[in-house]
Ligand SMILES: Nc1ncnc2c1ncn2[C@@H]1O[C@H](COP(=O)(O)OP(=O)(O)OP(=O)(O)O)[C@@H](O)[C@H]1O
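Here's a solo chain for you in structure tokens, the form predicted alone.
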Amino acid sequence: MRGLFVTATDTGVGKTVLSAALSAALIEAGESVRAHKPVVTGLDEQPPGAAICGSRSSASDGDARVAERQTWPADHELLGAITGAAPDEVAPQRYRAAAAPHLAAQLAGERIDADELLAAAADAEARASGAAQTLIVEGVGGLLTPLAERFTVRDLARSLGLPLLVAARPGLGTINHTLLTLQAARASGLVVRAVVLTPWPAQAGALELSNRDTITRLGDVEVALLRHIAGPDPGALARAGAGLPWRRWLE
């Protein structure tokens, strides 16, 4: 199966933007892409992907960041718009509360069943394979985020067997979070293609450069960089995604 599983060190660090940029770049290059996200939560709030797209961080930029966040759709809507799929097809389970999936479902009076998640993922995989599509699967939170009782994002990734991309922040604290994520992935036999630091600033400082080099060295992993993307325009996403070595990652 040709595809990638996009996970992250945490929530709100860039999984959706990375998934969308990859999908847009593949489509721009003539590939057919299917996107799958097992569960979407937080539909009552602004989508978390928007908050990490801005590379500005000073307090004086607060109003600009808020305006920018309002331009980004929910995760499944963005991935559906990029790939030409209905949002509900991208994410079969959707919840309003901004919480881990098992709790978001509980707050909605429901319960997520691991077998249903596995069946939906297998269906996405079969449809992608049958249509000669590349499958981009976006996880929820980090690898150990519980999707259902005793069933984590890592369990879902193992069932699909796709290589991983790990979205991570470029700033303070990212070394520990990223190395722990790599450890959790490899302990389960998952193959990590690369860590993608995002949003990578136009003028990286000593901290960001040191973080990139330290993760590369201590994590024994390729580290790629995804620059700031101002909004959900498919062309902008495709241009940013084209700077990533996705062809090699898919080999």
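The shown structure was predicted, so the numbers you read here are calculated from the model rather than taken from an experiment. Residues carry their position along the shown sequence, with the first being 1.
Missing here is the form predicted together with the ligand; even so, the following discussion is about that form.
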Let me test this: is every residue among Pro38, Pro87 and Glu125 within 4.5 Å of the ligand in the predicted complex, going by heavy atom positions?
no
Please check if Gly80 has a heavy atom lying within 4.5 Å of any heavy atom of the ligand in the predicted complex.
no
Flag Ser23 as yes or no: does it have a non-hydrogen atom within 4.5 angstroms of any non-hydrogen atom of the ligand in the predicted complex?
no
Would Trp72 sit within 4.5 Å of the ligand in the predicted complex, counting heavy atoms only?
yes
With a cut-off of 4.5 Å between heavy atoms, is Gly141 one of the residues that contacts the ligand in the predicted complex?
yes
Can you tell me which of 26 to 34, 211 to 219, 193 to 201, 180 to 188 lies within 4.5 Å of the ligand in the predicted complex, counting heavy atoms only?
193 to 201
Within 4.5 Å of the ligand in the predicted complex: residues from 11 to 33 (heavy atom criterion):
Thr11, Gly12, Val13, Gly14, Lys15, Thr16, Val17
